[in-house]
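Below you will find one chain, with nothing else, as structure tokens; this is the form predicted alone, and questions on how it binds or moves follow later.
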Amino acid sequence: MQTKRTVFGNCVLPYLLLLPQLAVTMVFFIWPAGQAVWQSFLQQDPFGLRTSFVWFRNYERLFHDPNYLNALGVTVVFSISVAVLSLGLGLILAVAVDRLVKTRLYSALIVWPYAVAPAVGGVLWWFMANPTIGVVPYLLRLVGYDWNHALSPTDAMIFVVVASSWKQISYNFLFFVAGLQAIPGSLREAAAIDGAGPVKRFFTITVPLLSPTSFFLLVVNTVYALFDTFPVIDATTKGNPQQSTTTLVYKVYQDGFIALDLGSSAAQSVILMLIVVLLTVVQFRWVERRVQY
């Protein structure tokens, strides 16, 4: 079978076609990233009147700052919790919908939260979990639990994890449903004929064949938990109480936009960028090996 191949008569045309995408990447990623790296080596006053080159002093200060180390630990717990909860519930809902004959109505209802902006979703959850007027504390008091995320660090962490996962569940649900519908029904029928029960069929057939989708969603959810959850935290707890919900991305905002410590904020953004790059490399280098395409 002969494969058709596109040949450009003008050697400049391919670069012209790539130029818009390269321009977007340069303006919105490479240039801001370069500016952040350069500013992380600088120290300047809040008004920008005096700037000095301090080498790695901003980075040294960070790793001796207990507040930054606390934010690092909070980010680890928060990111893992959001990824596990959103992926788990998204898969459960997708499996439940996949067993139905007519799924349009159920799918539409589950997907709706994804259309809500993160800040708006955070405000909605703030009203529902408000210790004074919220329905969630009222229901918890009926079973003997006194909920107050404004005072309890544990309640605050649970609150931001649930509020952040709520929106992402819909995204994961869409991809899991598409992955489940792509699995041939004959494989499950053959396993059922061989005597495999529903649980065994799920873990021996469904889960391995869903591994490409799961791997993709793992990368997306990791990036989401590290960056896109900032509006939820800002609209709900603002990193409190006792900085128990201050993640790395929110600390970048606090130090850069509130405290006006631009050098430290730039150094934190560089470290956060390196963490994401490292996690992505690890996922593609080691986790992808277990993916069955």
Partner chain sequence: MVENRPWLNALSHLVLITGVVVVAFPVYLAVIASTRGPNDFYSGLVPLLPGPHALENYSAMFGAGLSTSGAPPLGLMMTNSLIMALSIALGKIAISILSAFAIVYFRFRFRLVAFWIIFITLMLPVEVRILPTFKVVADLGMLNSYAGLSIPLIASATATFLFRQFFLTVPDELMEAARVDGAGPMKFFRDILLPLSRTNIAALFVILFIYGWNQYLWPLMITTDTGYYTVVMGIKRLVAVADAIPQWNYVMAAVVLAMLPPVVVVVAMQRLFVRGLVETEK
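Keep in mind the model is a prediction, meaning the values are calculated, not measured. Numbering follows the first chain given and starts at 1. Between two forms, the rigid core is the largest collection of C-alphas that superpose within 1.5 Å.
The same protein has a further form, the form predicted in complex with its partner chain, not shown here; the description that follows concerns it.
Chemist: Using a 4.5 Å heavy atom cut-off, indicate which stretch of 74 to 82, 193 to 201, 206 to 214, 153 to 161 touches its partner chain in the predicted bound form.
Modeler: The contacting stretch here is 193 to 201.
Chemist: With a cut-off of 4.5 Å between heavy atoms, is residue 242 one of the residues that contacts its partner chain in the predicted bound form?
Modeler: Residue 242: no contact with its partner chain in the predicted bound form.
Chemist: Since only the chain is shown here, I'm wondering whether residue 166 would be in contact with its partner chain in the predicted bound form (any heavy atom pair within 4.5 Å).
Modeler: Yes - in the predicted bound form, heavy atoms of residue 166 and its partner chain come within 4.5 Å of each other.
Chemist: Does its partner chain come within 4.5 Å of any heavy atom of residue 238 in the predicted bound form?
Modeler: Looking in the predicted bound form, residue contacts with its partner chain include residue 238, since a heavy atom lies within 4.5 Å.
Chemist: With a cut-off of 4.5 Å between heavy atoms, is residue 110 one of the residues that contacts its partner chain in the predicted bound form?
Modeler: Flag for residue 110 set to yes.
Chemist: Just to make sure I understand: among 146 to 176, which residues lie within 4.5 Å of its partner chain in the predicted bound form, judging by heavy atoms?
Modeler: Residues within 4.5 Å: 166, 171, 174, 175.
Chemist: Is residue 66 one of the residues whose C-alpha moves 2 Å or more between the shown form and the other one after the core fit?
Modeler: No; that C-alpha moves by less than 2 Å between the shown form and the other one.
Chemist: Aligning on the core only, does the CA of residue 258 end up 2 angstroms or more away between the shown form and the other one?
Modeler: No: residue 258 shifts by under 2 Å between the shown form and the other one.
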